[in-house]
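In structure tokens, the next block holds one chain alone, the form predicted on its own.
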Amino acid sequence: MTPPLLERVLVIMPAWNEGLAVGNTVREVLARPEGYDILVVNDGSTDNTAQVAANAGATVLQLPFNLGVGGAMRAGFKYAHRLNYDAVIQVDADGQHDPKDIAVVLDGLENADISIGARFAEKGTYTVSGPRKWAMVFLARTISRLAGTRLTDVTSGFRAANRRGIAQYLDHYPAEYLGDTIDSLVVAIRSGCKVTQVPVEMRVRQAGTPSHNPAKAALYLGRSIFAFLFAMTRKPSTVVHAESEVG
């Protein structure tokens, strides 16, 4: 695969009621020497997320009501495609994704269409336990076999895509719960996208309260396995195959 020229990179930051954290996260990304553009997709927030993000220097796309991460990312991909960006990368508004690792994740696109910033691969101390861990291990092993490469963190939202990846996402990017991670990754692999991962170190939330608890972890287990099985029934996208034939 020919290494891409990533002259224009768009950081897509879906945000729902992240007024306490999004401003600092935007400023940290803009302070990077690489000169990334930032699009904050305000996902129907009821707080001052949009105003804080705009004041910090981001371009803000307003959604009229809460669609979830999948819906917000779909809007971001359409924006990136229309403005002809070379690559996109999703960064959480809560500050858990360290902006210094954006370049590391983008480097993965030298040999792949989708690059995942993996939390359980050599760096950092990020851990999970209980049903959430069981689901992550099961999904990582299963999707690794599908992708033909070892993936340890298939639910990470810290992921980048090149032009082929963006085109595939535009053709098929689900808005259902967990669809933005499991479903989108499975369909991308089955459609011919090459996937890789690079180790990154997670940070704690810069503000706000984590939503995980034992009940939600158990629910996560069931929903994530359902999302995988549902993804296997979807038709692969034809966009990537068509682009390969043209190339």
Partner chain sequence: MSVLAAFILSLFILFIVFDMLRRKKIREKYAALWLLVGLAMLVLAVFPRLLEFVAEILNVQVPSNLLFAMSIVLALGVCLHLSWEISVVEDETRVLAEESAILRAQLTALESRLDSLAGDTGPAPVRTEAPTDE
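Numbering follows the first chain given and starts at 1. Small disclaimer: the values here were computed from a predicted structure and weren't measured.
There is another form of this protein, the form predicted together with the partner chain, and it is not shown here; the text below is about that form.
With the partner omitted from this view, the residue of 69, 56, 202, 60 that lies near the partner chain in the predicted bound form is 60 [heavy atom within 4.5 Å]. Taking 137, 83, 146, 103 one by one, only a single residue has any non-hydrogen atom within 4.5 Å of the partner chain in the predicted bound form, and it is 83. Shown alone here, residue 78 lies within 4.5 Å of the partner chain in the predicted bound form, counting heavy atoms only. In the predicted bound form, the partner chain lies farther than 4.5 Å from every heavy atom of residue 222.
Within this chain, residue 35 is remote from the site of the partner chain in the predicted bound form, having no heavy atom within 4.5 Å.
Although the partner is absent here, residue 74 lies within 4.5 Å of the partner chain in the predicted bound form, judged by heavy atoms.
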